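Here we start with a single chain on its own, the form predicted alone, put down as structure tokens.
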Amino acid sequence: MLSYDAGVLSAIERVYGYEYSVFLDAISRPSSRMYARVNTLRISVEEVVDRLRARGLAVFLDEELDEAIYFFVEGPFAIELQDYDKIVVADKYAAESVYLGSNLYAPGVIRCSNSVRVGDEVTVVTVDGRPIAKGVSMINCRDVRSVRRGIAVEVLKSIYRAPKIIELPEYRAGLIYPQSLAAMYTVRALDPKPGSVVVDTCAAPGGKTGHIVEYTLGKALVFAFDHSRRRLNEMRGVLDRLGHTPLVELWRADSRYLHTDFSWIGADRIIVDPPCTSLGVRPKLYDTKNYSDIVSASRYQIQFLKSASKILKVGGIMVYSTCTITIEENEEVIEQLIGEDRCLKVVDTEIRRGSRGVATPHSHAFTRFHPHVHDTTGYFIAKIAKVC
């Protein structure tokens, strides 16, 4: 259930006009493709595909991105709630994964019926009681508060079905990383070179940082920043699994102040992928947003860009990306940035997929991915050059 106030709906309508209801319907469902990026420092794309197909998985090469593979998402299938004494309630983020067929892990369990025991057939439901999957309980409900790791429910049937990527041996071995198609284009737009200095300003959980390492063949000097100690620890785990830890300098820092705390860095390339309202993320089983969230996010985002621009070398490139769709957080943030700094110029992303931006003077140079048009996450990418 999407709970957006009039301001949020107006912001969505500003982008999509009369199609805004089609957009809202699209983000309540998953894309028809689930993507992963192959870690080409460890294995070739062809070898990964051969390994997966040998085990009977239907996997395909993307039409344009050499490092991208995808699986089709099947569904929807009907899930009925029959036994009210055998339910497990999942939180928002866990539920959205279970909706696609992932197992339910213990940290994502909010509560469950007291009668649930190991081996019971159970129904996984959202916090508002909607059934999304059937499976087998791997825990006793009375122990749920003490069990904070491992699988709580092995999912056997869900509304949508896709391979459980994080349980594949290729994932565990660091050969693949689940990532949306649109997000992969961020590093493509950045186009970092071997031997260059590259900064990822809001780096956790590490998907784009890992992509930078692979794209530059492990030959760039990569700095990755994030303010959250917990998220940085999780990112270290990701980089360890991918084998990239020795190739990245990880720093805990507030990226709004890189120009003062890390003024000695002269970056050739910078990614700014800041916190946003995430309105383009799908599937959404429920979401609550107020227009004040959009306003706050846009004010926050410009701070990251201004700081990053000060450690960018003349001739360097900065790429800004978000997984949201509002003009306030995307086009208008960039227009404000370049309006206040004559040394920053918008350049074309040179991405052939997706659509151009909307409603502002430099829209022709931006890239947008629209869920109901491109069957992807809702996403925005802008590319800025420092010319003086």
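The first residue of the sequence shown is number 1, and the count goes up from there. Just so it is clear, the structure is predicted and the values come from calculations on it, not from any experiment.
Although not depicted, the form predicted together with S-adenosyl-L-homocysteine (SAH) is the subject of the following passage.
>> Residues G207, S228 and D254 are flagged as a possible site; in the model of the complex, is every one of them within 4.5 Å of S-adenosyl-L-homocysteine (SAH) by some non-hydrogen atom?
In response: Yes, the whole trio is in contact, each within 4.5 Å by some heavy atom.
> Since the chain is shown here on its own, which stretch among 153-161, 310-318, 274-282, 111-119 would lie within 4.5 Å of S-adenosyl-L-homocysteine (SAH) in the model of the complex, judged by heavy atoms?
Replying inline: Contact-bearing stretch, as computed: 274-282.
> Is Y99 close to S-adenosyl-L-homocysteine (SAH) in the model of the complex, meaning a heavy atom pair under 4.5 Å apart or at it?
Replying inline: Contact check for Y99: no, nothing within 4.5 Å of S-adenosyl-L-homocysteine (SAH) in the model of the complex.
>> Please tell me whether any heavy atom belonging to A203 falls inside 4.5 Å of a heavy atom of S-adenosyl-L-homocysteine (SAH), as the geometry stands in the model of the complex.
In response: A203: yes, in contact with S-adenosyl-L-homocysteine (SAH) in the model of the complex.
> Quick one: is F304 in contact with S-adenosyl-L-homocysteine (SAH) in the model of the complex, heavy atoms, 4.5 Å cut-off?
Replying inline: Looking in the model of the complex, residue contacts with S-adenosyl-L-homocysteine (SAH) include F304, since a heavy atom lies within 4.5 Å.
>> Taking S-adenosyl-L-homocysteine (SAH) as it sits in the model of the complex, is Y300 in contact with it (heavy atom to heavy atom, 4.5 Å or less)?
In response: Residue-level check for Y300: yes, a contact with S-adenosyl-L-homocysteine (SAH).
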